[in-house]
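A single chain comes next, written as structure tokens; it is the form predicted alone.
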Amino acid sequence: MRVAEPTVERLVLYYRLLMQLHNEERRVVSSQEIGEMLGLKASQVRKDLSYFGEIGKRGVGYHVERLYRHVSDILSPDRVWKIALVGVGRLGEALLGHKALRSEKFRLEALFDNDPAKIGQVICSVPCYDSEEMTEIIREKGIEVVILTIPAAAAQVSADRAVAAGTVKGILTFATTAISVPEEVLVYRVDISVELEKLLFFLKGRMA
């Protein structure tokens, strides 16, 4: 099933909200309430959720726990993904301290850097290795996803080392340059400057 990127982004928002409601022991939630909490139209919420086979009861809403599990299963398989982060600079350290990297769906197995002061250390409970050992460590640990938080000049070399391990299925890169990988490896690029330009564009439209 081909799913548009905006739909996936909204699914992530639904998942976060449902996790919060589940932890608060909320039993039922309506599409109207979900929409109000996320700034979406109720009709969009119903459309997204019915697209994946989850239909709430008119006048009753959605069962929170069931919908939470349903959206969780849609976003990723019932397994734990092994992840590595390359580049423990300011951005890398910021990500390490962010709750987004603490999930039941994935486990951060290794860090890589070329700073001698960081190599061999345990940072935020994760061991840091020399970047030159990346291929061997990734293969040894069976790491499938790699996050690149490194300068553009080092992105391709790091991607090549990661892919050479033979276990990597996806790369999330914050580098401001494109990287080349085999077709079977999925690359998702996060370009903060592009996202900011998009925001400014839409703000300009509102002010026109």
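In case it trips you up, residue 1 is the first one in the sequence shown, and so on. Throughout, rigid core stands for the largest set of C-alpha atoms superposing within 1.5 Å between the two forms. Bear in mind the structure is a predicted one, so any value in this text is a computation, not a measurement.
What comes next is about the form predicted together with another copy of the chain, which is not displayed.
Checking 174-182, 42-50, 60-68, 22-30 against another copy of the chain in the predicted bound form, the stretch whose residues place heavy atoms within 4.5 Å of it is 174-182. Residue contact with another copy of the chain in the predicted bound form: residue 157 places no heavy atom within 4.5 Å of it. Interface membership of residue 95, defined by any non-hydrogen atom within 4.5 Å of another copy of the chain in the predicted bound form, is confirmed. When contacts are judged by a 4.5 Å heavy atom cut-off, residue 145 counts as touching another copy of the chain in the predicted bound form. Not displayed here, another copy of the chain is kept clear of residue 123 by more than 4.5 Å at the level of heavy atoms in the predicted bound form.
Along 161-200, a non-hydrogen atom within 4.5 Å of another copy of the chain in the predicted bound form is carried by 169, 170, 171, 172, 174, 176, 177, 178, 183, 184, 185, 186, 188, 189, 190, 191, 192, 193, 194, 195, 196, 197, 198, 199, 200, in order along the sequence. Core-superposed comparison between this form and the one not shown: the Cα of residue 185 travels less than 2 Å. With a cut-off of 2 Å and the rigid core superposed, residue 69 has a Cα displacement that reaches or exceeds the cut-off between this form and the one not shown.
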